[in-house]
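Alright, two takes on the same chain below, each alone as C-alpha cells: structure 1 and structure 2.
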Structure 1
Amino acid sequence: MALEERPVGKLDRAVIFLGPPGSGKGTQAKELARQYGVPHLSTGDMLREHVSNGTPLGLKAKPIMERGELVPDSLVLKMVADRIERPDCEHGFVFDGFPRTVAQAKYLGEMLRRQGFKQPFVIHMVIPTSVLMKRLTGRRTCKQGGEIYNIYERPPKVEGICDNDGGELLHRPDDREEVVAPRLNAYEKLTAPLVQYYRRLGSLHDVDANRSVEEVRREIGQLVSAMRGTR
C-alpha cells in the first residue's frame, strides 16, 4: 500500500522499544499497544512459541536462546516480514526486542518504506546495569497468561503461582544468573549501536527506565502523543 493510500489513525507507524534485557521495554510495549489498539510484536515471544511447539525454527533457536545468545537474522527476518504484512498491522504496531542489530534496523526500515509506513518512532529505555541484574534474575513469567513478576520487586501473593489465573510461574533459562551476564554483554556489543543509528536518524527518544512502571508509562504516553500531534 502506497503512503498516500494508508488510512490515518492509530499509530500509523512502527514504535520500537530499545533497551537491554530487564529494562521494562516488554511491559511498556504491551501497554502502549493496548492503549492504541495495535499489535504488540515481540520476536522473543514468537521464538519461544516456536520452541514450545517444536517447529523447525524453534529447534534451531532453542539452544541459542538457552545460552543467552542473540538468535541470528536468518531465523528472525522472514518471521518479522510475514507478521507485519497481516491486516491487523495496517494502522501501526509496537516492536519489543526487534530490531537488535543495525543490519536488522536497515532491513526493517526498507520493509516499512515499501509498505508505506512513516519513519519508526524509537523509545530508548535507559537503566543502570546493577539494576538490570536484579530485575533479570528475579523475573518469573506465568506459563498460562504471560504475566511477569519479580521475586524482589513484585512478588506473587503465593510463591510460584500467578495472581491472575493460578498459572505456574516459570524461571526462564535465559533469566538465570549464569546466563544474564553474557546476555548483557551481547546486548552491548551487538545492539547498543542501534542507539547511535537511530539517534543519527532523529528517531530516538531517551526514557529513564529506573523509575516506577507508572512514571515510565506516563512519559512514553506523552512522547507518543506529541509524535502523533506532529504527523
Structure 2
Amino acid sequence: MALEERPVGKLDRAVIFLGPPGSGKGTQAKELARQYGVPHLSTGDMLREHVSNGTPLGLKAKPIMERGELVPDSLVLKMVADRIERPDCEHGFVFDGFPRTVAQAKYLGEMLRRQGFKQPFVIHMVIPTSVLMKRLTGRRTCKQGGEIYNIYERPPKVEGICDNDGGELLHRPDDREEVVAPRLNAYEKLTAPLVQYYRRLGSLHDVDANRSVEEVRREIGQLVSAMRGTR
C-alpha cells in the first residue's frame, strides 16, 4: 500500500456497503474495517452464526435464508441495535448487507442520530447481473477466519483449505444456483430502492465493482479517506 493511501485514525461514522449478492461487499468491507481498526458488521454472518448455534432467531431465519428471501425487519433490527451499542463501535463501523430495506434504513438513521453519529457514508457497488452467478457459485468461505475465496478468480493455494489459517473452506447453501435467482429478485425488489433513498440524502457513492479486487479496494480507500472529517 502506498504511503498516501494509508489510513490514519478511526472512522467517525458508519460506512455502509450496498450492492447485490456477489458484488464484493464482504470482500471489501472486511478489508476497510481491518484498515481502520473498526468492527465489520455483516448481518448475513450474524444470522449464519445464529443458524449454526441453533438459537431461536437462527431457527426462524434458517428456512428463510435457504429460500433466498430476506429475514423480517423485526428480527434483524433488534440484532443490529444490540451490536452497535457495544463499546467497540464507538469510533464507527462498517456495515455489510445492512440496511436492506427502506424501513431498515430509516430505523438505522434514527439509531445513529440518537448515538450522536454523523450521516452514514454509503458505498454502492455497481455491477452487471451477468457476472454475479459465477462469483456466487464459485465462492468459498473459511469456516475459521471468514476469508473469502473464489474457485475461479481467487482460488486458495490448496483446494478446500484457507491460505491464512488452514481452516476448512465452506460452500454457502444459498450459493447454489437455484437459490441465487430468488436472492437477486429480493435485492431488486426490496434493497435496490435504497440507492435512490441514499442518493437523495447525498450520502451515496457509486463504485464500479466489476474490476479487480485491488482496483476496487483502491477507489474505496480514496473515497473513505476523503470523507473523513467532513460532515
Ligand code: AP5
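We call the rigid core whatever largest set of C-alpha positions still superposes within 1.5 Å between the two forms. Predicted, not measured: the structure shown is a model, and the values here were computed from it. For numbering, take structure 1's sequence and count from 1.
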Between structure 1 and structure 2, which should be identified as the form predicted on its own? 1
Rigid core aligned, does the Cα position of Pro156 differ by 2 Å or more between structures 1 and 2? yes
